[in-house]
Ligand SMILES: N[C@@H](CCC(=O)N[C@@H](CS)C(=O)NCC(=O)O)C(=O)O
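Given as structure tokens, the chain that follows is alone and in the form predicted alone.
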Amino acid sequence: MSIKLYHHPFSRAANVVVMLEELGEPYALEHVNLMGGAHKTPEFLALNPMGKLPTIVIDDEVVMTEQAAIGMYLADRYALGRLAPTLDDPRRATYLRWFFYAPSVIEPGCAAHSSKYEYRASAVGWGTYDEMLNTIEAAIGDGPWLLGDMFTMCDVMFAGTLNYMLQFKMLDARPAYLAYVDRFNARPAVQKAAAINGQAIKDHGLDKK
């Protein structure tokens, strides 16, 4: 079994490192020099025509892109019942709901709000900014995780997205968000991934630019 993640620590691939650490399967990182345009070469575009990270290759035959799709695939393939509810578990409906909500609502909703993009709430998936904020808080609920006591790969996607948006002040810092992200950041896999991403920054001289 071989898992290779095409990686840059300043990309969404950084959160996929968390996914892989939570998974507990061996993997390798392949650094992609974004500043040098390595993600736009013919070789890389053959893997991902978008020329973006993350991109992951499993056993030299399965190519995955899009962070949420990668996380869902990995959990289903290697940790079903542990990091993902089984197909007959009623909780899987909630799991899928919030897995897709992070990239399809939170990311564009925060980007539109921070850039003061004008739009009709009825014409976009995230509705109004306040509706999105309230929905995020409802999703977290009493916690500690989105499925209560069961931590899943959905939390990696959801909390990772909130963490980024809070870091860059693209999301209001509600207490429920901060507490949820703090719980996430305290996990050993998250801390190990932070060290791996930090080492990649040093190894490739990204702390000097």
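Residues carry their position along the shown sequence, with the first being 1. Just so it is clear, the model here is predicted, and its values are computed rather than measured.
Omitted from view is the form predicted in complex with this ligand, to which the following refers.
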Q) So, in the model of the complex, is residue 197 in contact with this ligand at a 4.5 angstroms heavy atom limit? A) no
Q) If you check in the model of the complex, is residue 172 within 4.5 Å of this ligand, heavy atoms only? A) no
Q: Would you please decide whether residue 30 lies within 4.5 angstroms of this ligand in the model of the complex, comparing each non-hydrogen atom pair?
A: no
(Q) Taking this ligand as it sits in the model of the complex, is residue 51 near enough to touch it, meaning that at least one heavy atom pair lies within 4.5 angstroms? (A) yes
Q | Candidate stretches 22 to 30, 65 to 73, 146 to 154, 179 to 187, one within 4.5 Å of this ligand in the model of the complex by heavy atom | A | 65 to 73
